[in-house]
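A lone chain, given as structure tokens: the form predicted on its own.
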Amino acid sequence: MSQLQLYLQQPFVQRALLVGVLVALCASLLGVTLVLRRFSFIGDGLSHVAFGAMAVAAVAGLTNDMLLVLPVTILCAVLLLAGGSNAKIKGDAAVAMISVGALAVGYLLMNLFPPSGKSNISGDVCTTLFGGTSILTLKPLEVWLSIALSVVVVIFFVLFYHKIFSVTFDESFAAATGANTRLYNLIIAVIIAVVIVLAMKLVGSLLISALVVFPALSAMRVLKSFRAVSVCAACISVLCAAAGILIAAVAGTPVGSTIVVADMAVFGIFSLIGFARTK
């Protein structure tokens, strides 16, 4: 306990906790909508796009890779989510194509054109894919971006709850009632893209889907209404992110993997509760 108190007094741990909790909150709120719309793996797809863009930025020698990573990820998110019924390649097929394509191109470029000053490419790639200590070395800009993003997501979710509900369950009916479904899809796409880019520092690009999927599925084991599932998923995600970061700091385990294991444990508990309630 004294060791944990010592860690909590450190500014870098406090920043990591703040950003981790806020990113997890945003991912869980959007995750309910994405899971219900059968876009559970969009986190994987967009994270691999971000990895590919990050590799291009590294090869090009950009000092601030956000200038390339964020616009490219947002563009791909818009193509995936805002395309709607007009898209020729839809749903999981489009996500799979973008996912494996971007991952392959990014890793190929980093091997063909190694960034200057980077001797351990495999180690850098592994850290990017599975997460590392970058969450503990956050810059002030990333902290403020996370705070601003969480405020925007919560306000958007509260103000447009009924529109999000209708777009999630029946997009055609929502459009027939006069809702601008394309605009709402566009906003959701932009927000989820920013969440994915920020979450890469938390859990790595291969584990991001856990932040999107597990809290939503856990809440769905015991609750039925959209509102209740959303609130419960947000609480689960925040608690698991905080617990994962603190356990990782004390035990010396990888931050991203620890958070995902915490989410898995909660999913197992909620699954047992849901099973018991059906008996």
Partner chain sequence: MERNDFNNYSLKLDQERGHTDALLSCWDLSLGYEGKAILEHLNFEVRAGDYLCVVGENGSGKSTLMKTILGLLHPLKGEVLTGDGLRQNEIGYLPQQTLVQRDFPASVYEIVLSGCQGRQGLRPFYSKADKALAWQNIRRMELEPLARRCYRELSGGQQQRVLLARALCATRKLLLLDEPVAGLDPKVTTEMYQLIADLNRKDGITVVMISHDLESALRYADHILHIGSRIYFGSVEGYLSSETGARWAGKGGAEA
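Residue numbers count along the first chain shown, from 1. Predicted, not measured: the structure shown is a model, and the values here were computed from it.
What comes next is about the form predicted in complex with its partner chain, which is not displayed.
For the three residues 172, 223 and 229, a heavy atom within 4.5 Å of its partner chain turns up in the predicted bound form in every case.
Using a 4.5 angstroms threshold between heavy atoms, residue 140 stays clear of its partner chain in the predicted bound form. Among heavy atoms of residue 168, some come within 4.5 Å of its partner chain in the predicted bound form. Although the partner is absent here, residue 107 sits far enough away that none of its heavy atoms falls within 4.5 Å of its partner chain in the predicted bound form. When its partner chain is considered in the predicted bound form, residue 113 lies well away from it, no heavy atom lying within 4.5 Å. The candidate stretches are 144-152, 95-103, 157-165, 67-75, and the one lying within 4.5 Å of its partner chain in the predicted bound form by heavy atoms is 157-165. Heavy atoms closer than or equal to 4.5 Å to its partner chain in the predicted bound form belong, across 254-276, to no residue whatsoever.
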